[in-house]
Structures are given as structure tokens and as C-alpha cells.
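What follows are C-alpha cells for two forms of the same protein chain, given separately as structure 1 and structure 2.
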Structure 1
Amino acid sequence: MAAFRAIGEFNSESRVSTWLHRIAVNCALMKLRIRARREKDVDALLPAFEADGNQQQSSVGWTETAEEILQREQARALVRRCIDQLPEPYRIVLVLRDIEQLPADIVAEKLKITRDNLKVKLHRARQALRTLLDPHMRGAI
């Protein structure tokens, strides 16, 4: 494409192969410059050290293993998929109360339902969610 765009600038005294080679080199150099701008400098991610060789901030052991973190993320994704399967009125109540942790009075007011109706819907939503999760959780214990 670059050669096609620049065909008007081609000097007929030059060889076509030399001209195309220069275009290819320039395109490759431009790609490298763009890639270099996108790459982060790894030095900013490395620990900093004092003059005596000790780390400025010592490393601390992790409270969870990578496997535990992965399992938690997978469980969270499973719960989210099951919540998404709930009928909308129940899903909304569950999300607002249990995930967003909004007070019951505010949720009832926003949904224009009574507080008692909210409690019933929330109880049913939790029970339905438990039913959806049950087949997945039986083998996990």
C-alpha cells in the first residue's frame, strides 16, 4: 500500500527494487517505533533497592496461593452466571441488596414495592440462586 501511495514520487532513474526495499525498511522501522511506544518500561515494575543492596520495601508473603485466587474467581464467575439466570425482578432485588448492599428501605422505594414484598422476593431469589448453584457445589466439597 505504501508503494502504491508513493508511486508518484518514484524517480525513474532509480531501480524499482531499491525503491521498494527502502519503502519496506521504512515501514518496518515505523512498526518498531510504534511497538516500542506501547511497551511499558519494566524497570518501573521492579523492586527498588537501597544503596546497601536491601529492598526499600521488603516482600511480604501472599495470604492466598495462586490456585486459591483462581478458584475464588471461578466461583465468582459461576455465581454471576447463575444470578444472570434469575428472572429479572428477583435478579434486581438480589443484586441491589446482596451485591450492592443497599438498605432495604431504599431498594423497596426504588422498586416501588413494600418492604415485606422486598423481603419475600429476596428470600425467593436467594432460594432460586441456591437451586441453580447446587449442582455445581455438590462436588466441590
Structure 2
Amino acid sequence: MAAFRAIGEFNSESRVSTWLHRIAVNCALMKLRIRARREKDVDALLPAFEADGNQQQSSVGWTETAEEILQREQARALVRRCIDQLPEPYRIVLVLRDIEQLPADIVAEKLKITRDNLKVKLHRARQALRTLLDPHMRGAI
């Protein structure tokens, strides 16, 4: 606050408020931009398709079952790291639905989104995580 008071001594009050207003607007815009980028980031982790509807790159099965993978702490840490890499809105949905296993209507209400939107987000989150895990799971960890 001291800094603001000092500035106030040198500038007229209206100019300071304009300046603060501009900072507030810039912060809001920055947040929106960051959010837009985070939401877009997940697109790169979704499967791509040819014009005829086929997968652009063939999917390959993993060498071990989830149960086998979960036996090893190293592998569990890797799964956690991959979950942490998800853009925030998707990680939140994944945690609330697939980890906490909260009912869809409660999660939708909490996040102030529609149930359809929640369903889309959860599906994207799982697909993105599958893509992040894929290169590791094709070979043993």
C-alpha cells in the first residue's frame, strides 16, 4: 500500500485509478488467455483421424495389465506424474470423477458446467492421459 500512496503523491488520483484499472483488466485478460491455452493444450493429446474416419496412427496394446503395472512404485509415480501433466480443468475432472468417484451431477454443479460438458471433459482427460502413458506402457517401465 505504501507504494500506492507514494504514487498517489506524484499522480492525480484519477490517473492512479486508471492505471490500477488497466492492471486489473490486463490480469483478467492474461487469465483468460492462459485458460484458453490450457484448454487447447489437450487437443494435441487427442487421437487424430484420416478423412475416411480411420485413426491416423494405429493404436497398439500395452505389454502389462494395470494390475501388474500398479505393483511397482516407480510405475505408480509415473502415472501420477502423467496425471499432473494434464491441463488443470481436465485434471480436476479426472480427480473428481475417476479418483474420488463423485456422482456426475454433483461434480457438474461444483464446477458450474453442464453434465454434457463434464462428460466431454472427462472423456478428453482420459484420452489425453492415455496418450501421455502410451509411450511408457508400450515397453515395460
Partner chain sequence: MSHVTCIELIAFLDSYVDDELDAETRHSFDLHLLVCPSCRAYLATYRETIELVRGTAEQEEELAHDSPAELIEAMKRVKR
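We call the rigid core whatever largest set of C-alpha positions still superposes within 1.5 Å between the two forms. Not measured: the values here are computed from a predicted model. FYI, numbering is relative to structure 1, first residue = 1.
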Legend entry - Assignment: the form predicted alone: 1
Legend entry - Rotation (degrees) of the smaller of two rigid parts between the two structures, from C-alpha fits: 158
Legend entry - Core-aligned CA shift between the two structures for Glu64 (Å): 16.0
Inset, instruction - For Gln74, give the CA shift between the two structures in Å, the superposition being done on the rigid core. - result: 2.6
